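Okay, so here's just one chain, in structure tokens, the form predicted on its own.
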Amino acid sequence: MKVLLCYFSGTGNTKMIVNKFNESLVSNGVETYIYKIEDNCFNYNIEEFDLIGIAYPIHAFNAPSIILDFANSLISVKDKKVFILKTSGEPLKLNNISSLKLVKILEKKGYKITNEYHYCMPYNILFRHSDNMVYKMWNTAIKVIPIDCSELLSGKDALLDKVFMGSFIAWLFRIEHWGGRFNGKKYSVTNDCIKCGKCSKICPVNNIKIENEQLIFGNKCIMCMRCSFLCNKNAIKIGLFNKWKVNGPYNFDNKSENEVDKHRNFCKKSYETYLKKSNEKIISFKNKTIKIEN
């Protein structure tokens, strides 16, 4: 079997998921290829692949505009199977609607969406998750991904549940695609900026330029938060959403229970349900594996 994994990752969470999924595919003897969508140099023959995977971080309950543009650029092909991997900072059911526009584009081109998987990963905007919660999210993903991969390779379809008025809600929140471009022009830097040029180099849409030692933010921002999240000096102000800014990489290996989590009640029930269902899925898979081995 031959699989092509196409992904966009703002600050690295989706990339981590894609790499783990790729590891699982390879361990099952699958020939895999990974394409970074922002590179904008797609030269694969879709017809050669048995499965196409598309992975992205959820932006305002939608796929980022860079993902939709990529889908629109694909050739039409009859009944080519596609699976979707998505990440978000909270496990709300409303995140299920994020793929609706993407699916619509792909189905019009003849693709068949068979599987969708959603993984909870830490925020890069809104607030900073505690290291312990980040550890739980990542540790859960590591254990669940091989199970999802096994399901995918077995040919069992797995689509996420529908949401009432989902299409309308997704359409409403897609204002973020326009709003991101508007807000991106309001980005600025503090006096802490050392003009290192890192933000300009890592911007996936080339929206940041340095002219006369001044940072210029254009109108192509897709609100991926890569520049502000990865700024070593925490010097980038993200316009209207600056109070929600998160800066600096997470520690995915710290499982300390002693850390004070001031956001512990945010979507508490949803996180508990997500972790509980994931654990049940892991245990069930282990039990089935043991039975088969016996």
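In this text, residue numbers run from 1 along the sequence as written. Keep in mind that what you see is a predicted model, and the values were worked out from it rather than measured.
Not pictured, yet referred to below: the form predicted together with a small molecule.
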- Have a look at I58, I37, I52, I236 for me and say which one sits with a heavy atom within 4.5 Å of the small molecule in the predicted bound form. I58
- Select from the listed residues S99, N115, S88, N207 the one whose heavy atoms reach within 4.5 Å of the small molecule in the predicted bound form. S88
- So which of 117-125, 70-78, 192-200, 155-163 is the stretch with heavy atoms within 4.5 Å of the small molecule in the predicted bound form? 117-125
- Query: Has each of S9, G12 and N95 got a heavy atom lying within 4.5 angstroms of the small molecule in the predicted bound form?
  - Reply: yes
- Please run the contact check for M133 against the small molecule in the predicted bound form: heavy atoms, 4.5 angstroms, yes or no? no
- Item | 4.5 angstroms heavy atom contact with the small molecule in the predicted bound form for M225 | yes
- Message: With the partner left out here, check for me: in the predicted bound form, does some heavy atom of E151 sit within 4.5 Å of the small molecule?
- Response: no
